[in-house]
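Quick setup: one chain, the form predicted on its own, written in structure tokens, and binding and motion questions come after.
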């Protein structure tokens, strides 16, 4: 799907005051040819509503202030309930690596450690968008 238009909802928490890394990732995904919707959310329902309205291929969560497990546990069922089973869901930020396996069991497709080059994320998206589903 690397030549197809890819639309990414880059969602970060409203109370999360960081912004540099998520804006850097947004720019790098844009430079990789993707359309990026930068979105600050308060609730999981905000993410789902924005994803439906924007008809995105990818939801990229940027979490720096904890709460990632609870968000994932609510987000994946909400996406399924709204028929968004073909969206690629990734997460990055300050996520303890010990949580990666559990997040993937919940349904997050890929967890990224902080500090990775944006091209690593872009390559993963290009290789996997359209090929995954939420079980």
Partner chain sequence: MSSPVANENFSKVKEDWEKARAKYVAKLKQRENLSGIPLKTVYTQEDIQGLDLATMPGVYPYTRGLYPDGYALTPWMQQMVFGYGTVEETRKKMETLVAQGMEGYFGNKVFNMVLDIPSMYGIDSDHPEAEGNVGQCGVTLCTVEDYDDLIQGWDLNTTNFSLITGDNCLPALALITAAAIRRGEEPGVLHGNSMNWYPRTAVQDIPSWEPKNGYLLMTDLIRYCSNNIPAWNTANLFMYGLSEAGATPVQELAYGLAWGKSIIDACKERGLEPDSFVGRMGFQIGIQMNFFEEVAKLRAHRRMWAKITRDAGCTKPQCMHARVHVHTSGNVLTAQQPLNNTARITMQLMAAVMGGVQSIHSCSYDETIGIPTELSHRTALRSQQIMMWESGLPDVADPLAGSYYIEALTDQMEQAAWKIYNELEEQGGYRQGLADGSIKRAIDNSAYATKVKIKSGKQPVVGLNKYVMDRKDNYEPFKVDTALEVKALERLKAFKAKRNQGDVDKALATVKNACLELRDGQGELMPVLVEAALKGATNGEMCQVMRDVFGWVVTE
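Positions refer to the first chain, counted from 1. On a predicted model such as this, the values are computed, not experimentally measured, just so you know.
There is another form of this protein, the form predicted together with its partner chain, and it is not shown here; the text below is about that form.
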According to a 4.5 angstroms non-hydrogen atom cut-off, is residue 40 in contact with its partner chain in the predicted bound form?
yes
Given that the partner is absent here, does residue 80 sit within 4.5 Å of its partner chain in the predicted bound form, heavy atoms only?
no
Against its partner chain in the predicted bound form, would residue 119 count as a contact residue? Criterion: heavy atoms within 4.5 Å.
yes
Partner proximity in the predicted bound form: residue 52 to its partner chain, non-hydrogen atom cutoff 4.5 Å
no
Between 8-27 and its partner chain in the predicted bound form, list the residues on our side with a heavy atom within 4.5 Å.
13, 14, 15, 16, 17, 20, 23, 24, 25, 27
